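Next comes just one chain, in structure tokens: the form predicted on its own.
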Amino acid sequence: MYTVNRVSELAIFGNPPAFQEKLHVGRPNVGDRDRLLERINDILDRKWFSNNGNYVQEFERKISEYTGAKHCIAICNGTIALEILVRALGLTGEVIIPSFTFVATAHALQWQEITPVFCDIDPATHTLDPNQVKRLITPRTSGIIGVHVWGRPCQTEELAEIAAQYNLKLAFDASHAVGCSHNGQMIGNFGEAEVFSFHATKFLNAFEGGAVVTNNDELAAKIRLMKNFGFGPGYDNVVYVGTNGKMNEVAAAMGVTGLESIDTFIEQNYRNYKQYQTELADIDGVKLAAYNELEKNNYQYIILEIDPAIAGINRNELVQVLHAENVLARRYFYPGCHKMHPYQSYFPNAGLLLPQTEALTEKVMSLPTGTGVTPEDISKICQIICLAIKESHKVKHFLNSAV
């Protein structure tokens, strides 16, 4: 097992890195490769590559069964799924969302000339703070989109009460939350609808893909029209304004294959999470984001908050150390959507209402997990973190002198 006794052994000080190959956050999981190739060959034999083929229908059916939701509409990716849902819900004016999210949540609104109103988060959950949501509602507000960050659910009941009180639409960006539950109910059943992502970095991926999941029959029917140019039954029968949001058959085949291994993926993620939890427990200034183990989780993200006042180094410095060791840890969701363009120029003072968001974006980082990470890898990563903090003064001196 890899051990380090002196900070000078770190790669950042000019020695070989701990890992010969880079360990990435979000390295794709792959199910049974032979079964996937069988399905791809079947697609080639059928010569039906898109337009609601067999595998898209199977994928939709299995996601519905898995979540318990009535409808799953497979989409080419999660961003387009959000955009279609926003339009299908008839959102206009302003929609309240967190700034602590992937920028696609904001873009899905701005792309359609709807103003994303950035709301602060609860520092304990990293999700929308319902008390702050209330303060941002104006006559122009038409909806709320919560984000289940790290797969940890939003305060859905409180947000639903607010939405009902002010006659707002409520939906959720559930890109992180496939396989997760809240109060015993699977994510996919909250709000008007929820959006999943099956991007390659997600633990369940379709190479690239997304879905809208809902229990609303009318909304589901509208989204099915919208994702296929507005074509209704029959030939050349356009009955609604639409776009091209269809998932192709190869992507769906990857999704179906991954679903067959989803329990294995989750079990691996859980083992990794528990090992990280154990090995990081006694490191000062490092807090591992915890999951509620009474609920179902996908344990997809290993998230640390670094307190520089205790750890002696800040998050950015620790990320630099890990990168030097070929551990490609990531900052999430840095620097916050409100500090990205065009939102920074549109709302230059947004940060004044987002103190918890701004604090969290300076502390949070993600570590590698998934089926490509071994117990030995995790031990090595934790030892590097421990050493970097123990020898924080040497790390800071080196980084400062390298500037």
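All values derive from a computational prediction rather than experimental measurement. From 1 onward, residues are counted along the sequence shown.
Same protein, other form: the form predicted together with a small molecule, not shown, and the subject of what follows.
Checking A200, I283, L136, A160 against the small molecule in the predicted bound form, a heavy atom within 4.5 Å turns up for just one residue: A200. With the partner omitted from this view, the residue of G258, G179, G209, P116 that lies near the small molecule in the predicted bound form is G209 [heavy atom within 4.5 Å]. Every member of the trio N77, S175 and F333 reaches the small molecule in the predicted bound form with some non-hydrogen atom inside 4.5 Å. Contact with the small molecule in the predicted bound form, defined as any heavy atom within 4.5 Å, is confined among 325 to 333, 163 to 171, 120 to 128, 223 to 231 to 325 to 333. Although the partner is absent here, K363 is not a contact residue: none of its heavy atoms lies within 4.5 angstroms of the small molecule in the predicted bound form. In the predicted bound form, no heavy atom of A252 sits within 4.5 Å of the small molecule.
The small molecule is not shown here, but in the predicted bound form it comes within 4.5 Å of a heavy atom of A104. A residue is said to contact a partner when one of its heavy atoms sits within 4.5 Å of a partner heavy atom; K70 fails this definition for the small molecule in the predicted bound form, lying far away.
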